[in-house]
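Before any questions on how it binds or moves, here is one chain, the form predicted on its own, in structure tokens.
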């Protein structure tokens, strides 16, 4: 998809171009936010806010082949702002679980397979045990489907460093999930 042409047309008032741009990116942005918040309603609100910001700033954007990184940087900033805002508010008392998301934003992918609730819960527990930086990399890569090159641009991190952190995060997940799911268990070779 030629984001540059769509953005240029959208900036000049082409509603069809804007619609195609949102249609291409919104499910991935929404999926990223759902993965971070596990709240589909909040994710929808933040996703709308992201595209309002994109619409407001479309005239200031200079195309350099980084539109995807720009949009997802806005999304991550909106998410961080919302999470900071929420930490300043009263927290509910008691055991509050995560509501199940109806859609992950990845259903349109050929490799998408819906998993059972037990597997999903174990995976989310393991992901939450990772550092926030590792969670961010995994969400951007595996939920939003962003390339490592684009993530490196977004986070201003060398691709090699990003790949190493991604590898170590996946290795930690496999180590945590191995006792529950033998298919994820690390071999002796992988443990070294």
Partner chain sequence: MDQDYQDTRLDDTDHRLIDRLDTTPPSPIPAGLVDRVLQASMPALMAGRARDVTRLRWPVVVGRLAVAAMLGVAVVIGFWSTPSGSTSGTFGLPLTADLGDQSSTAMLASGPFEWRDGPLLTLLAVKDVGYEQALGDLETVVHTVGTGRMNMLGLVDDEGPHDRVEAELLTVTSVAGGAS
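Residue numbers count along the first chain shown, from 1. Just so it is clear, the model here is predicted, and its values are computed rather than measured.
Not pictured, yet referred to below: the form predicted in complex with the partner chain.
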query	finding
4.5 Å heavy atom contact, residue 143 to the partner chain in the predicted complex	yes
Any non-hydrogen atom of residue 66 within 4.5 angstroms of the partner chain in the predicted complex	no
Residue contact check: residue 83 to the partner chain in the predicted complex, 4.5 Å heavy atom	no
Touches the partner chain in the predicted complex: residue 156 (any heavy atom, 4.5 Å)	no
Stretch 146 to 171: residues contacting the partner chain in the predicted complex, 4.5 Å heavy atom cut-off	147, 148, 149, 159, 163, 164, 166, 167, 170, 171
